[in-house]
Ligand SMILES: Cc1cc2nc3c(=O)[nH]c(=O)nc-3n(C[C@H](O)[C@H](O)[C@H](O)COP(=O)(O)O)c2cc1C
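Just the one chain here, the form predicted alone, laid out as structure tokens.
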């Protein structure tokens, strides 16, 4: 069973496009992330053998347990993609019924499927039946405030044979606005008919909040997304609280070293040009609380080589 691979309470790095790359997953694992998910990939792209999509879901054994997340809107593409993913031997396959992005949800994939719950159930069951690996689902609480809530269809998802349910506490229409509704997540978790692990996601901005929500809602795990961008040590901080220790914050020098490791790994694995592009999404996150960072940020954004960026990061240590 999938739950046998996880600790009693799991800290997870939530899948994010162009963020949870192989390199960043490795770093988050070092800091204590228990369960990892790859970036989400299109089932259509996988069955067309798009090289970029396969690159997104490569992983090392160090990152286990790990799930490869796929999205799609037709049974044929989802089933064929799941069967191809199975050959890569992840620990599980995750179906993305949660992404609200227009280019995905607008085509009936991601959280767009929440407008048609029977179709979501049918597609999920088809994937479960097509593979031997465990299958999990990530979804949102509803399509909008007027539509069927997750509390009404969670049992049907469980009945398809999935072994894990992750819930983001916003509707599709909310995107990332407003507050995540953890009360609904808690109601799913505390439904006595739910036998599979239930993970919660949304508005986890700190280790303290992660532990507060763990204790308040009783979830089996928490997915941390945006708060983990540039803060991979948030997982270590959560584990400090779990063990009864005080939370420690890395020094500026340590943060710079983490960022340098991230950039170096990206350059080694994906090439200097792509590494410099992707890292632009991280610099402000790594150094969000640093005074006088603005001028260094501009230099980092304009850096045209890894050695140049590393030199700037070394200078930041002395701010």
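All of these numbers come straight from a predicted model, not from anything done at the bench. Positions refer to the first chain, counted from 1.
The same protein also has a form predicted together with this ligand, omitted here; what follows describes it.
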| property | result |
| --- | --- |
| Contact residue in the model of the complex, chosen from 39, 272, 257, 34 - any heavy atom within 4.5 Å of this ligand | 39 |
| The single option of 124, 174, 77, 96 touching this ligand in the model of the complex, heavy atom within 4.5 Å | 96 |
| Candidate spot 151, 155 and 189, all three touching this ligand in the model of the complex (heavy atom, 4.5 Å) | no |
| In the model of the complex, residue 310 touching this ligand (heavy atom, 4.5 Å) | no |
| Proximity of residue 226 to this ligand in the model of the complex, heavy atoms at 4.5 Å | yes |
| Contact flag, residue 69 vs this ligand in the model of the complex, heavy atom cut 4.5 Å | yes |
| Residue contact check: residue 304 to this ligand in the model of the complex, 4.5 Å heavy atom | no |
| Proximity to this ligand in the model of the complex (heavy atom, within 4.5 Å), stretch among 286 to 294, 257 to 265, 39 to 47, 24 to 32 | 39 to 47 |
| Sequence-ordered list of residues in 114 to 147 near this ligand in the model of the complex, where near means a heavy atom within 4.5 Å | 138 |
